[in-house]
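Next comes just one chain, in structure tokens: the form predicted alone.
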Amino acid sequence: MKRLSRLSLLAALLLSVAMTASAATYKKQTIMAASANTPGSNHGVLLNRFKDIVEKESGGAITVKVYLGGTMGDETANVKQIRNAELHIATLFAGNLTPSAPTANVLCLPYLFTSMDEAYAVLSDKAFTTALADQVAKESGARPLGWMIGGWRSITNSKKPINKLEDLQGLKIRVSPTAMQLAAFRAWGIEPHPMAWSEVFNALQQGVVDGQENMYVTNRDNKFWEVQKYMTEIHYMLWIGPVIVSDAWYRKLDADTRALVDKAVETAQKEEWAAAEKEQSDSKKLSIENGMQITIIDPAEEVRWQEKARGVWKDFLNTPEMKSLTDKALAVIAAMPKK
């Protein structure tokens, strides 16, 4: 009996040591997270989910402070703050990362993706995302740990339905001031009108521009149906948003904290992906209920848009890194099972 008792005690001690050795430990610290977007946006939902996971699993040792609605500046400012480690984590549209990290343009190539499944496949491929993250971190000091996927950037306007390329001519369309998007619209034969996002609603209301391009969710969040009548679905660019961290800060994290940050971003990303398509569908329905007329371009007609837009790729695949990453993305898409 005594021997059994000693063996039981020894087993209990060994189990205790093993559990202590395997249990993660976290230093008391605060993580600063920000987005220029609203609390109800996919940015706000993702960052608050990240906060919940980190604070709960760290047992309260780590506090995450989330700043939304541009309280820490616009997306360009957030990238600079990330680089300087004034912020630790931020979310933004991929196009707004490209001035600091030109290689992020790979995800903005017009018609790189022609379906949501292709985007899911590429952004789930660890070889691709790791290579892209390493290069972006090298260029900008900001490391993408995850990627949000929204909807297709479609065109709204106040003048007329757009059924074919010729209908686009003569319209003044506000386009995000990123080189890739500007080049795509020029390839379609019009001169786009870049302007700050904060100016867009008033510009549409006052007729300074006739239209803009964005997702259904953005249409809903900004109530563009108050100043826009027509919306045309095209598939030239899928809204993709990196979840970036300060690479300098991230590299200094202890192994347990880094693993928790990775896990929290991955979990929040998967949940955002699952919710995004339904949110786009609901936002489309709401746009129609508020009087917008939706045009879906015939697939044969959209081939014309695709051919012209893909013609600008040659101007951006001008570094070995861009060429390599584009080839990797296309290889993932080519390897997908055919439906």
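Numbers follow the displayed sequence, beginning with 1. In this text, rigid core is short for the largest set of C-alphas that superpose within 1.5 Å between two forms. In this text, all values refer to a predicted model and were calculated from it rather than measured experimentally.
Heads up, the form predicted in complex with a small molecule isn't pictured, but that's what we're talking about next.
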Note to self: If the criterion is a non-hydrogen atom within 4.5 angstroms, does every one of Arg143, Ser246 and Thr257 touch the small molecule in the model of the complex?
What the structure shows: no
Next item on the list: Although the small molecule is absent from this view, report whether Asp210 comes within 4.5 Å of it in the model of the complex, heavy atoms only.
Entry: no
Notebook entry, point to check: Given that the partner is absent here, does Ser283 sit within 4.5 Å of the small molecule in the model of the complex, heavy atoms only?
Noted result: no
Check: Would Thr103 sit within 4.5 Å of the small molecule in the model of the complex, counting heavy atoms only?
Finding: no
Notebook entry, point to check: Would Tyr230 count as a contact of the small molecule in the model of the complex, using a 4.5 angstroms cut-off between non-hydrogen atoms?
Noted result: no
Check: Heavy atoms within 4.5 Å of the small molecule in the model of the complex: which of the stretches 110-118, 131-139, 158-166, 173-181 has them?
Finding: 173-181
Next item on the list: Could you check which residue among Ser287, Ser58, Asn37, Thr295 gets a heavy atom within 4.5 Å of the small molecule in the model of the complex?
Entry: Asn37
Check: Considering Trp225, Phe185, Trp239, Tyr250, which brings a non-hydrogen atom within 4.5 Å of the small molecule in the model of the complex?
Finding: Trp239
Note to self: Gln181: after superposing the rigid core, is there a C-alpha shift of 2 Å or more between this form and the one not shown?
What the structure shows: no
Next item on the list: Note yes or no: does the Cα of Asn222 move by 2 Å or more between this form and the one not shown after the core is superposed?
Entry: yes
Item checked: Core superposition between this form and the one not shown, C-alpha change of Leu204 at least 2 Å -> yes
